[in-house]
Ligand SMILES: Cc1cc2nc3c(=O)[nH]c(=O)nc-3n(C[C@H](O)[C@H](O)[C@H](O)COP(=O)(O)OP(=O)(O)OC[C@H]3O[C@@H](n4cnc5c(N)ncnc54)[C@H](O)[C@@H]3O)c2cc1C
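As a starting point, one isolated chain is supplied in C-alpha cells, in the form predicted on its own.
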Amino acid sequence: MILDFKQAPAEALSGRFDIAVAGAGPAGQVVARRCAEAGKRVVLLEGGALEYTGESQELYIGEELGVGYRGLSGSRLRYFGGSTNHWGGRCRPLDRHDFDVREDVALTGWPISYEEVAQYLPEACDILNIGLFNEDRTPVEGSETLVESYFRWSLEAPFAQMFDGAPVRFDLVWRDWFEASDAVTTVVNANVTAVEMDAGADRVTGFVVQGYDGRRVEIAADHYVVAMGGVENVRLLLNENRRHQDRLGNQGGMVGRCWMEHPHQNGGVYVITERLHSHLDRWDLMVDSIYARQKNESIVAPTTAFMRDANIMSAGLRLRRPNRRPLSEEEIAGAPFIRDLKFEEDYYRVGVIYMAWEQAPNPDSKLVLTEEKDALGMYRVGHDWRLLDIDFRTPRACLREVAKMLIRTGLGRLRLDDEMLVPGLPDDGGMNGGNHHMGGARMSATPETGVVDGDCKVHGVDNLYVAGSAVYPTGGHANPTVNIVQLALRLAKHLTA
C-alpha cells in the first residue's frame, strides 16, 4: 500500500519492520521490492510526493563551492521514482578493469570483484527493459589503443516502437505493484531527517520521519537502508555524524570525500571521406531508421593497457552522426589543413565528437555542509567539485588517438577544439557534469579510505546500509543507472540471506 504521511494513521507505521528503506528512487525501490518478495516486512519512505512539488524540490537547493556546475536542484528530482523521472535512458555496465586497483592512481579499486556485481546484470537489464550486453571492447580498426564501447537504451515501449517510448520511469513502472503490496508499506511525503543510535552499541534504533507540518515519527526496524541519491545519502550522513560524533562511517573523515562526476565536453569536429560506405555498421545514416537511437554514433574508449601507459582514466568518445554538409567557418577556425579540404571532393560528411570521461578519486572533491538550514532543520549541502591534472589529461590523450585512427584508416580527419590542445582547465567553460553523482559514501575495505564495506554496510554500524551510486569507489565512463540497480539487487540478497 502507498500512504501519504500527511494523513497516514500512526498505527500504520507502528511496530517493528524487518527493513526500513529511505528513498524511493531505483535503488530504494529495487531493495524494498526484492526484500518484500523474499518474505520481509518492509517500509519504504519517500520524502517527496507521488508527483513533483516545489515544497519537496526546494530541499535540494545547495551551494556551489568548486568548479562551476548546473546546480544541485536542477539535476535531481525529489519525488517517487527519483531522478529517473528525467533520466535519458542511456545504459552501460561498468567494465572489468573499473574494479581493479591501479598503482598509478590513488584510491582506485573496489573491495569486491567484477564478477560479484556482473552476476546481477541480466536481472538489472530485465528491470530496465534493455537487451543483454554482449562482451564488447573489440579493437577499433586502425588503432591499437581504442576499443568499441556499446550502450543500450532503457525504454518503456518495445524496440520497434522506440521513437514513441520514454526510458523506464520508476515513478510509474512499479507503482501499481507497491500500491497492491501488503508486504511493503510505502509512505510519501515522509522525510527521513535523523538516524537514532543506541548509546551503548553501534546500532541504529530508528529512522526519524518528519512531515512538512513538523509532525515526527520514529520508525523501528532490524536493518536500515539509506537510498536517497548520490547527494542526499551523503547529506544525511554528514548531518548525523555531527550529532553522533562521526560514528556513521566517518571514522576516517571520508564521508563526503571523493565525490565524482563524469565530465562532459565537446572535443572537436571530424570530417569523413567517401570511404564511409564500408563502415555503415558503425554509422547508420538512415535518419528514419528504428535503429537510429541505438546506432546514431560510434563510441570508442581507451584500451586498458593504454590507460595504464598514458596514466589516464577511462572515457567514452562519441563520434556523433555525421551529416552531409560542408564545414562552417566556426568549425574550421584556425586550422589551415582542414580549410584546404574541399567538400564533395576531399570530405563528404561532418560530425562532432562529444566526450564523457571518468574522474579520478580525489579527497578534495567533496560534499560538505553549509551553515544554512532547510525547512526541515537539516543543514544544506555545499558542492565542492574539484578536478586533478589526470582529469584533463584523459580526454586530450583519447582525442589524439581518435585523430590517429581516422588518418590511418583513411576515414577522415579531426580538428581538436583549442582548449583540448593545452593543459589545464578549459577556458570557455564548455565542460560540465552529466548529472551522474557518484562517491561521497565510497565502498572500501577499511574506514580509513571509505564509508561502507563490500556489502554496502556503513563502517562501524551493524545494521545501516547505503544503496546507490554514492558507494562507488570509481565510476568508469558508464552512466551509473545499470550499476545502481545491480548493486541494489546484490544488497537485497545480502539483507534477505
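Here the structure is a predicted model, which means the values were calculated and not measured. From 1 onward, residues are counted along the sequence shown.
Separately, the form predicted in complex with the named molecule exists; it is not shown, and the next lines address it.
Using a 4.5 angstroms limit between non-hydrogen atoms, Gly450 is distant from the named molecule in the predicted complex.
The closest heavy atom approach of Met260 to the named molecule in the predicted complex falls outside 4.5 Å. Although the partner is absent from this view, Val381 stays clear of the named molecule in the predicted complex, with no non-hydrogen atom inside 4.5 angstroms. By the criterion of a heavy atom within 4.5 Å, Gly440 is excluded from the residues contacting the named molecule in the predicted complex. Not one of Thr108, Pro361 and His477 is positioned with any heavy atom within 4.5 Å of the named molecule in the predicted complex. The single contact residue among Val42, Val471, Leu45, Leu464, judged by any heavy atom lying within 4.5 Å of the named molecule in the predicted complex, is Leu45. When you look in the predicted complex, the only residue of Val204, Leu248, Ala301, Val192 with a non-hydrogen atom within 4.5 Å of the named molecule is Val192. Only one of 411-419, 119-127, 176-184, 227-235 places residue heavy atoms within 4.5 angstroms of the named molecule in the predicted complex, namely 227-235. Residues from 84-106 that approach the named molecule in the predicted complex with a non-hydrogen atom closer than or equal to 4.5 Å are Thr84, His86, Trp87, Gly88, Gly89, Arg90, in the order they occur in the chain.
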